[in-house]
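What follows is a single chain, given as structure tokens, in the form predicted on its own.
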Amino acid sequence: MKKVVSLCFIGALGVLLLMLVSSMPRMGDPGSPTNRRVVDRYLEKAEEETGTENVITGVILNYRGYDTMGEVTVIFTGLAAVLAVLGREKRGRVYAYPDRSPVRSSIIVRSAAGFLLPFIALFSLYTVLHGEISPGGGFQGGAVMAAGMFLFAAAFGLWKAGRTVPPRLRFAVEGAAPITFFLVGVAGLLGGGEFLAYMLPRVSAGLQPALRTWLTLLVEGGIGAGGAMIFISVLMALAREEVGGGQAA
């Protein structure tokens, strides 16, 4: 009986979705509301209304701020789900198979990784800080930083990577993205504006552009730092091995 009810519910939901899709404007239709109103508004007024030269950043953090806040919350929830299943490694006891191998990684690999990692970190920071005026942003910068740590773990071992970015640090920073979104939103309310408006009407008008820029940078930095730590924590949870006695290494 439960299977029949489930199939009926899924079938009804599928019919509803198909009806909604059939009523949507045709792909690329120049007369659709999105192309006639929304796009023009973004292109013509994004810099003025959001204070960012990069229209995409203005759309993601301002026009679609609630949606982006939901996205970073989903990413953080994904980390919580991974850790609920796999657990977090114990302090100073995170290993992977290559760490216990008697054969060390190639000196060429370690030298190349050691040479590239500072540049990867610098590029990640640049991507986060310049996201409002050029291609980039918090998501991209955080992904670049996490990729650099993946390279570090592959070249020098998961144990050394775990000591370089310890669980205590990751635990403190993993929730930075939703927290900074919330703090900036509350600051807007306390400043006499709206949630996630990046404006504080009660502050002098001459300071508004600088405040908008700094609030945007704060959110970008939170997304970058939190995203990087989330990816690294997922790596640690997935790559570490189990040892005898059922204890996580």
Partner chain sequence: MGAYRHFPILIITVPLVTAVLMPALSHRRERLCMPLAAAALSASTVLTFLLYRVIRPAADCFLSYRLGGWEPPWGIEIKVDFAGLFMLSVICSVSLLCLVYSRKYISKEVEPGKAFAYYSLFLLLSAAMLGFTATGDVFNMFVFMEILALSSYALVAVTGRRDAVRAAFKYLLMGAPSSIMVLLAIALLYSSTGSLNMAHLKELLAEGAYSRVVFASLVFMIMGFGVKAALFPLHGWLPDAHSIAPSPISAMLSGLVVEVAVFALLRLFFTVYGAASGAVSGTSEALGVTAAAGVLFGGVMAVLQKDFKMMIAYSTVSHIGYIALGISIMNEQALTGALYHLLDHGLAKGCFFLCAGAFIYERDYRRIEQLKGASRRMPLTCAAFAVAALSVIGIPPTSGFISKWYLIWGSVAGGKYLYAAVYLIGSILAATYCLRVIYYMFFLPPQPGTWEGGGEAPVLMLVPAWVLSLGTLLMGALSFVIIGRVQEAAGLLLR
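Positions refer to the first chain, counted from 1. Please read these numbers as outputs of a predicted model, since none were measured by experiment.
FYI, the form predicted together with the partner chain isn't displayed, but the following is about it.
Taking 122, 169, 84, 108 one by one, only a single residue has any non-hydrogen atom within 4.5 Å of the partner chain in the predicted complex, and it is 84. In the predicted complex, the partner chain sits beyond 4.5 Å of every heavy atom of residue 113.
When the partner chain is considered in the predicted complex, residue 62 lines it closely, a heavy atom lying within 4.5 Å. Taking the partner from elsewhere, residue 73 is found to have a heavy atom lying within 4.5 Å of the partner chain in the predicted complex. Although the partner is absent from this view, residue 184 stays clear of the partner chain in the predicted complex, with no non-hydrogen atom inside 4.5 angstroms. Of all the residues from 162-187, those having a non-hydrogen atom no more than 4.5 Å from the partner chain in the predicted complex are 171, 174, 175, 178, 179, 182.
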